[in-house]
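Coming up are structure 1 and structure 2: the same protein chain in two forms, each one given alone as C-alpha cells.
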Structure 1
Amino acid sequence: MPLLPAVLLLVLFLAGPIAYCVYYAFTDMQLTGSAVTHFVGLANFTKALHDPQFINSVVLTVVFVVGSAVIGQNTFGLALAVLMAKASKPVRQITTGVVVAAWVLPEVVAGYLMYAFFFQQGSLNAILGGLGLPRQNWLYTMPILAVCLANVWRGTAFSMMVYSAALDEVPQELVEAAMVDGAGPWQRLWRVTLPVIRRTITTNLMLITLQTLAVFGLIYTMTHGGPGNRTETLPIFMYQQAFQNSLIGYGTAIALVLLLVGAVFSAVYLRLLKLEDD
C-alpha cells in the first residue's frame, strides 16, 4: 500500500501515454482533415515496409548510430580518457572544459554552431582556403558525414567521463606487472586495461546508442533531413510524417519501430554483458 501512489503516478504519466501512443499506431488518425479515426490494424506497419523513404531512414539511422556513436564517440571518448590520464593537471582541466562545453549545449544550439562550421561560407572552408586546400559544400556533398561528425563533437564528452572514471579503477598492480614483463603502452592498453573495463565499454555503448537514436534537433537544425532525404533518420522521418504530412497514426507507427530498433541494440548489449558474467 505505501507504494500505491507511486504506482498510480507511473501508470498515469508513463504507462498511460505509452499505451495511448501504441493505440494510435494502429489507427489512421490525422492531425488535420478527417475528424473520424478508424482502427486499421497493421496497415501503418505494412505501409512502412513498402515505403522506400522509410527503408532509407532505417539505413541512415544505422549509419548515423554506428558511425557517430559506436565508432566516433566511443573511440574518441576512450582515447581522450587515456590521454587525459597521463596529461598534466592544467591540460586535463582545459581539455575537459572544452569537451564538456560541447556536451552541455542544447541540441539546437550545437546544430547552429555545426551548421556555421560546415556550410559553404563557414569556418571549415575558411580554414581550408587559408591552407590552399579545395573547399567543399559539406552539407550538400557529404551531409551524413557532417551530421555524424557534429554528433561526435557534441557527445564525446559523455564517453570520456565514463572511461575516465573506469580507468581510475584499473588496478595499478596489473599495469606495473605488465610493465615489468616488458609490455609496451599498446600492449598494456589491449591486454590489461580494455579487459578490465570491458563491462564499462558495453554499458557506455548501450547508453550512447540509445542517446544517438533519439537525436533530432541536431540534424534538423543542420539539414532538415536533406538535401533530398540524405540525412532523414527515423526521428526526422517520423516528425515529417506526423506533423508535416499530418499522418499521426503512421508517424506513431514509425516511432514504435524506432523503439524496436533501440530495444534490439539494448538486447545485444545486455546479451554481451550476460556472456561476460558467465
Structure 2
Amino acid sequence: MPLLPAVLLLVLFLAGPIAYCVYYAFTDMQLTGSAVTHFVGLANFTKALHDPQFINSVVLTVVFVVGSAVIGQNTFGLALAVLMAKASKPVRQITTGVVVAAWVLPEVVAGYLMYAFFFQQGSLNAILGGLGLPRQNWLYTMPILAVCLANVWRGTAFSMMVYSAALDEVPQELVEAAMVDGAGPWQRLWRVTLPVIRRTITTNLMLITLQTLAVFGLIYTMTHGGPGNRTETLPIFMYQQAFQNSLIGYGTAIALVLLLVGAVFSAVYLRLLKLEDD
C-alpha cells in the first residue's frame, strides 16, 4: 500500500503530538526534574482563565490576527492586485518583485529587517524626521503596531498573488456591461468584481488567519514578546510558559487552545472548499 509511509509519518509526528497535547494539557507536567506528573483535570484551563497574562495574550493575538491579516494583508493585498491590473507593465513587475521579495525572505531575516526599520535610529524615524513628523521609539511606544506592520510587510504578497490570479478570471464582459450601464470604477469594484471573487476572498481570509495565528519567529525576533508582555501573542506566551517557566503542562494547555482555534478555522476552510463528489 503506497499510502503507508505517509500515514505512518503523519500518525507518528502529527497525530501523535496532538493526542499527547490533549493528554498533557490535563497534567501538571514540568520541565525540570523527574518529578511525578499528576493528572490535574481542568486546573490548567481554570488557571489560564484567571491568569491576566493569558487574557492579555488572547487579546494581543486577536489584535494581531485581525489587524495584520484580516485588515492589513487582506485589504492591502486586494488593493494592490486591483491597482496592478490597471498599472503599466514595468510598474507591475517592479511592485510584484519587491513585495514578493519580502515574502520569500526567511522569517528571522524578515524579523531582523523589521527590527532595524522600526528601531529608534532606524529608517522609519529617519523618514518621519525628514517629513517633519514626530519620531518615536516604535518598538517601545507601539510594539504591537510595529509587529502588525511587520507582518503586513512580510505577508501581503500571498494575498496579492491570490487576488491577482482571481481578478484575471473575472469575466471581462461583466465589467464592460457595467461600464456601459454607467457604473463608475468604485461601483464596478463593489457590485461586480468583489461579488465574483467572493469565494476567493473567504478562502484567502481563512488561510492568512491560520498563517498569522501561528506566527512565532517574526515577533520573537523583533521583540521577544516584550517590552513587558505587550507583544506576547499566544504562541510566544505558550513558549515562555513551557520553556522559560518550565510549566510544560500549562504551556500545552495553551497550545491546545491555539490548536482548537486553528482547527475551527481549518474546518471552515474545509467546508468552503467542498471536495468534488465522487
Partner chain sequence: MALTDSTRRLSLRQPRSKPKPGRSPAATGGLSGLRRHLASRLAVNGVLLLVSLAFLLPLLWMLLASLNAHADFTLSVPSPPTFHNFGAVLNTTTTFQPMLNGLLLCGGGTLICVVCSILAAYPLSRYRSRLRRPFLYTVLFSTGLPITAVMIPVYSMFVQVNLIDSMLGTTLFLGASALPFGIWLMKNFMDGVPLVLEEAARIDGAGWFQVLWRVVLPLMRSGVTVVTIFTFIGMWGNFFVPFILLLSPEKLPASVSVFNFLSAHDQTQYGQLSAFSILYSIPVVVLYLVLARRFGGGFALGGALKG
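For residue numbers, the reference is structure 1: its sequence is counted from 1. The term rigid core refers to the most C-alpha atoms you can superpose between the two forms while keeping them within 1.5 Å. All values reported here derive from a predicted model rather than from experimental measurement.
Undergrad: Looking at both copies of this chain, which one is the form predicted together with its partner chain?
TA: If we ask which form is the one predicted together with its partner chain, the answer is structure 2.
Undergrad: 2 Å or more on the CA of Ala263 between the two structures, with the rigid core superposed, yes or no?
TA: Superposed on the core, Ala263 moves its C-alpha 2 Å or more between the two structures.
Undergrad: Honestly, after the rigid core fit, is Ala19 moving at least 2 Å at Cα between the two structures?
TA: After core superposition, the displacement of the Ala19 C-alpha between the two structures stays below 2 Å, so no.
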